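A single chain, nothing else alongside it, follows as structure tokens in the form predicted alone.
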């Protein structure tokens, strides 16, 4: 096919962001957009050329897309994605994939059965600093991993009694599912799969029905242990800040969205790295994108999904199978509390 026929379901903050990026993509034709909000649909009908729907099933029947971007509350993911997969439609879903790991496992099986491209929106996997961090880990640059710390802080919930989807755990709200899932995914995808949890605290700061902070110990399949520390009610940060720190037998890595710091005890034969501290910025590590909105990683993840659906790249990053590991880790943390 010359262009990917793409539809978008859910036009909140992330859905509109995806629409802007995909709408500017040279290999995409937007064939339909869908939301249950009459205000949103009326606005898009008036100011955009897109065909608009309030019922996603009618949109699928009418526009017959090759692929769909799904940006609706997590509680709707399982039923909608299962329906799309069985129609052999490629699916990009916002995170987390599901509210229960058994659902994630079934969606993985369906995606494999119907041979459709599947991807989840853990955008950190497309940031240059975290990509390089993973490469260094895989190459054994800092030696045997001894310990890690995964952190995220930001000012999401800073007042009491805020009533949004974020205050409803059944819709994917709460710091664990909405915020900590990004860090958990980075750990699963870069260091090793989380298989055990120890002594977790899910703490309320401003919220009544969900947690605002997540603290505890994680254990990977390799036996390596580390700390998870996430707080979305930290007003000392201007925006979400995610950081991974890894201690190894030959050094240390400290990585966030803007900078990668690598300390090496002994020199290694690798271009750009020497004994002592090595510092690289995201500007030096990030691959350029054709359309910039919010950050290169948001455009890069959709570009990858589109190219995978067009069979130009393999479907190997942020798959449903990988996202299911994160769903399972979330359940382990919930159970250990």
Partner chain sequence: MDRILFGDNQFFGVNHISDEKSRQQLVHFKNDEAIIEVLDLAIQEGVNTFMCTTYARIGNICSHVKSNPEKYADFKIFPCMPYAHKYANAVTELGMVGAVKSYLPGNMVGTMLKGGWAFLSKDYLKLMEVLVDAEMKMFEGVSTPIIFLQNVVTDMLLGLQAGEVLAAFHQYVKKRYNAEAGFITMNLPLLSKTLDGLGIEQPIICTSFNKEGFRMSGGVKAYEEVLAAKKCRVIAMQIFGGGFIPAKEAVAYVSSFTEIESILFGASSHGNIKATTSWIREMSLANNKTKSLPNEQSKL
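Residue numbers count along the first chain shown, from 1. Everything numeric here is computed off the predicted structure, so don't read it as measured data.
What follows is about the form predicted in complex with the partner chain, which we do not show.
This chain lacks the partner; the member of 58, 64, 38, 275 within 4.5 angstroms of the partner chain in the model of the complex by a non-hydrogen atom is 38. When contacts are judged by a 4.5 Å heavy atom cut-off, residue 212 does not count as touching the partner chain in the model of the complex. The closest non-hydrogen atom of residue 16 lies within 4.5 Å of the partner chain in the model of the complex. The shortest heavy atom separation between residue 219 and the partner chain in the model of the complex exceeds 4.5 Å. Under a 4.5 angstroms non-hydrogen atom cutoff, the partner chain in the model of the complex lacks residue 132 among its neighbouring residues.
Annotated contact segment (heavy atom within 4.5 Å of the partner chain in the model of the complex): 278-286, selected among 278-286, 65-73, 265-273, 304-312. Using a 4.5 angstroms heavy atom cutoff to the partner chain in the model of the complex, none of 81, 148 and 192 count as contacting. Contacts between 282-298 and the partner chain, taken as any heavy atom within 4.5 Å in the model of the complex, involve 282, 283, 284, 289, 290, 291, 292, 293, 296.
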